[in-house]
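The chain below stands alone and is given in structure tokens; this is the form predicted on its own.
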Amino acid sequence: MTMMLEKEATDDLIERGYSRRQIGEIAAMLGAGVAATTMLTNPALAQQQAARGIKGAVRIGSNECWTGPFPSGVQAIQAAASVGNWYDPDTYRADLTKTVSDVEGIPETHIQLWPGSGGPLVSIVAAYCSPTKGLVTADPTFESAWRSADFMKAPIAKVPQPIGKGHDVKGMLAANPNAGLYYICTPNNPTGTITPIEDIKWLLDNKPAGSMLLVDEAYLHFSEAPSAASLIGARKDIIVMRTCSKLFGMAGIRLGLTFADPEVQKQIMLFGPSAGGLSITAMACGNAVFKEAALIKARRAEMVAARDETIAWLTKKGIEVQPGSQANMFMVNWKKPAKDMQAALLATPEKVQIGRSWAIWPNISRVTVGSAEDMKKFCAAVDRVYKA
């Protein structure tokens, strides 16, 4: 999408009460990315962004996968790169869409491909929130939705996340019975906890008519929980979002998906990046890895083993870990400012870079599950800091 909104999107915003000046600001947000825009206007928020990797550090701070795409994906990238001189050398988009449809049991018409999932998240907030139609989320959760809604001048309701459990869906509805968008991240970032499909269905059936439910399943493959995509059917008030950045190890390759009714997809795309922005290498890699069921299961098992062993070590040492994570992250309560512990671990010889904290829990850090070797170094660094 260019810096200028298309006429249909502009008309939609005018109907929602935005001025021409505000529409120009929203166009800039969508063109440049809400995170970059917000950091320019509020440098303090830059500290809340996912940490950039530090050279030589053990990188367990940004929920990246500890390894790259499956071998079939790497081979597909190499093959696609050889014809990268063409804009549209083959049926990459159609092939990937069919693969996703076959794996997920969703009609091809209900699948939209994106360069990552950050863009569609911002676009969905832009499409369904306004100064009179707010956003409702858990707290803590992935902050990008908050930043986008704040930029849209939309009211934001944050419902405390029950420790060790999924979202409080009844609390979310009570927090704003007239919201434009209800956002559920499951497994939740940063807690890793699952919101049961029954709870998601309850919110879908009880929310106000005309509002949208967004279910962010970025970490679903790390769990064995069922997808909310089964709830879509003929409904036009639910969007399920995925990314290949996590278990598939494609964070730098950029591939995301939204599952929704075609009319809903059209509405999102009014505020989204150009469909032509998706590289053929991303589509080729996604098509190869998405159907690797056995490798997905094996990578999940490898992560679970490293996560469980690390949590057991921390627990034995008397360090509190929040229960219930079914993703490649967990929350550690240091019982002192988390930012101090983050700095202390990075200063150890092991040079361990853990994740951030959230305002609601200032003493609690998110720790990404890396390789078995990464987690051994994390434990060694924690031991060193505690002895000191």
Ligand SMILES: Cc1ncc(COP(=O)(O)O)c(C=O)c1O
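Heads up: residue numbers just count along the shown sequence, starting at 1. No experiment lies behind these values; they were computed from the predicted model shown.
The discussion below concerns the form predicted together with this ligand, not included here.
Participant: Tell me which of 294 to 302, 218 to 226, 195 to 203, 128 to 136 has residues with heavy atoms within 4.5 angstroms of this ligand in the model of the complex?
Facilitator: In short, 218 to 226.
Participant: Check each of Tyr92, Phe142, Phe290, Phe151 and return the one that places a heavy atom within 4.5 angstroms of this ligand in the model of the complex.
Facilitator: None of the other options qualify; the answer is Phe142.
Participant: Which residue among Lys207, Arg147, Arg254, Arg307 has a heavy atom within 4.5 angstroms of this ligand in the model of the complex?
Facilitator: Checked against the cut-off, the match is Arg254.
Participant: Looking at the partner-bound form in the model of the complex, is Cys185 within 4.5 Å of this ligand by any heavy atom?
Facilitator: Yes, contact at 4.5 Å.
Participant: Can you work out whether Gly180 and this ligand are in contact in the model of the complex, taking contact to mean some heavy atom pair no more than 4.5 Å apart?
Facilitator: Output for Gly180 is no: heavy atoms all beyond 4.5 Å of this ligand.
Participant: With the partner left out here, check for me: in the model of the complex, does some heavy atom of Lys246 sit within 4.5 Å of this ligand?
Facilitator: Taking the distances in the model of the complex, the answer for Lys246 is yes, it comes within 4.5 Å of this ligand.
Participant: Consider Ser117 of the chain shown here, and say whether it contacts this ligand in the model of the complex, taking contact as heavy atoms within 4.5 Å.
Facilitator: Ser117: contacts this ligand in the model of the complex.
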